[in-house]
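Coming up is one lone chain in structure tokens, specifically the form predicted on its own.
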Amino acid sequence: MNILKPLFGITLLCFFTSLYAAEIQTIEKELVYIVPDTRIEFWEIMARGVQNKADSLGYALEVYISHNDAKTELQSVAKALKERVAGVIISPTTSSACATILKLAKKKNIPVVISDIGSEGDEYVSYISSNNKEGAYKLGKILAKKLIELGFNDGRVGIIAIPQKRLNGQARTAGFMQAMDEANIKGADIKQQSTWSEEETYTFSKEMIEAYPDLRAIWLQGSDRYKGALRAIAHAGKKGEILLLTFDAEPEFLELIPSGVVVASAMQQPYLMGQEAVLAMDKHLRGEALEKNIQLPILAISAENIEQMLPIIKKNVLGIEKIKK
């Protein structure tokens, strides 16, 4: 009896089995993160948080940039699903667009974790978000106190908003307006960003300053185009008469807030959010129980507490891992 044939067959079977197992293992270790626009500091920091945790857990990661375009985003999702990645982490362009994406991923049996913005659909394994309403409310309380101190509380407050089709945008506006209503401070106009440019912020600010002579503050529901608002205030000769406050943070805010150039900012923790998104996906892929909705606090930062909060701001908000003492 020739025993070589059975042995050869077994060896060949083991070889192909190991190849298949290796392929499965590789697939299980591949993740995709789809981000709106890394030109915006907030998203760039979140992407670094995703990358940091993916690296530490041994996942290969591809980052696709949507450039704030729903069509580009959908194309990126289609590519990820075709490549049979283990999981998709997404910060969607809009909450309505994300609902479609979730349905497509479900058909391919590929799990999705959402990191910020939110979705009108609920077919995700976990949603990492910030408490936008509470953060905006706290920011509004800081502004109201400052306006009263300066005797500006009889004036109006204008809002340059992120798209209100986004659930986080709706929550920010609701929380902030609640604080304004409680302080009997009147609203001016609300303008929604579309090009996300400094020039757009400048134009919106200029229009509000011209339309409302009693404008006393502008709230920018982001942070990266704050220079446009400051430029409009300066050009109108209103420095010190119109206050600026923001959502999120830029590195230079560590100096601008203590100096009073920016009165306050409600800072999300994008680096931590990115890390938490990967941790949630990892738990799901391992079959562990995890929370469907994970909400992180927003830091309401002003000159009064920025020094105390500096270590947390540097690490979780700005993504500076090693804090120099």
Partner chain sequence: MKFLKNNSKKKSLYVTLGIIIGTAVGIITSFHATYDYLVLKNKIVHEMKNNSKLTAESLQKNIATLMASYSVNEYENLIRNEIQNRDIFAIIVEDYNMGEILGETSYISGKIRDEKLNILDYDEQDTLQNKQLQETYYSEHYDIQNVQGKKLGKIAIYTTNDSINEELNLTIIHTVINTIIISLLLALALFTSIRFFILKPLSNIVRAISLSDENGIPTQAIPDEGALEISILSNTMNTMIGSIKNSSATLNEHHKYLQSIINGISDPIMVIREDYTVELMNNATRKIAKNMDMVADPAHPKCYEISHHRTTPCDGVEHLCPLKEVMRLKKNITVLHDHGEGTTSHFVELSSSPLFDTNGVCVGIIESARDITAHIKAQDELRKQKSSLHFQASHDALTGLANRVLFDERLEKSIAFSKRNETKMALLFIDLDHFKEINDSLGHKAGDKVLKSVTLRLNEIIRKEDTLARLGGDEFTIIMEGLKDVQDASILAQKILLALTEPIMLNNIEVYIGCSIGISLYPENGVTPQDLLKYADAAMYKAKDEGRNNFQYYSAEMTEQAFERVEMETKLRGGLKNKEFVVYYQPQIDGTNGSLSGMEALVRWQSPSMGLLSPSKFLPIAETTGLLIELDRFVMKSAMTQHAKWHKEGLNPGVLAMNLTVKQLQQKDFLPMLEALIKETHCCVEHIELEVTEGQIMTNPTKAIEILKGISELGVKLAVDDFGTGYSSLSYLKKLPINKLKIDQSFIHGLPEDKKDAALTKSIIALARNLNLSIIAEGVETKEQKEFLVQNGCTSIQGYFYSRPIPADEMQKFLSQAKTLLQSSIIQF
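What you are looking at is a predicted structure, and each value in this text was computed from that prediction instead of being measured. Residue numbers count along the first chain shown, from 1.
In what follows, reference is made to the form predicted in complex with its partner chain, a form of this protein that is not presented.
- Among the residues 100, 223, 126, 193, the one placing a heavy atom within 4.5 Å of its partner chain in the predicted bound form is 100.
- For the candidate set 209, 104, 167, 244, a heavy atom within 4.5 Å of its partner chain in the predicted bound form is found for exactly one residue, namely 104.
- Picking from 201-209, 233-241, 251-259, 73-81 the stretch near its partner chain in the predicted bound form, with a 4.5 Å limit on heavy atoms, gives 73-81.
- Contact check for residue 178: no non-hydrogen atom falls within 4.5 Å of its partner chain in the predicted bound form.
- Looking at residue 182, you'd find every heavy atom of it more than 4.5 angstroms from its partner chain in the predicted bound form.
- Taking the partner from the other structure, its partner chain in the predicted bound form has no heavy atom within 4.5 Å of any heavy atom of residue 189.
- In the predicted bound form, residue 96 approaches its partner chain with a heavy atom inside 4.5 Å.
- In the predicted bound form, its partner chain lies within 4.5 angstroms of a heavy atom of only one residue of 110-134, namely 120.
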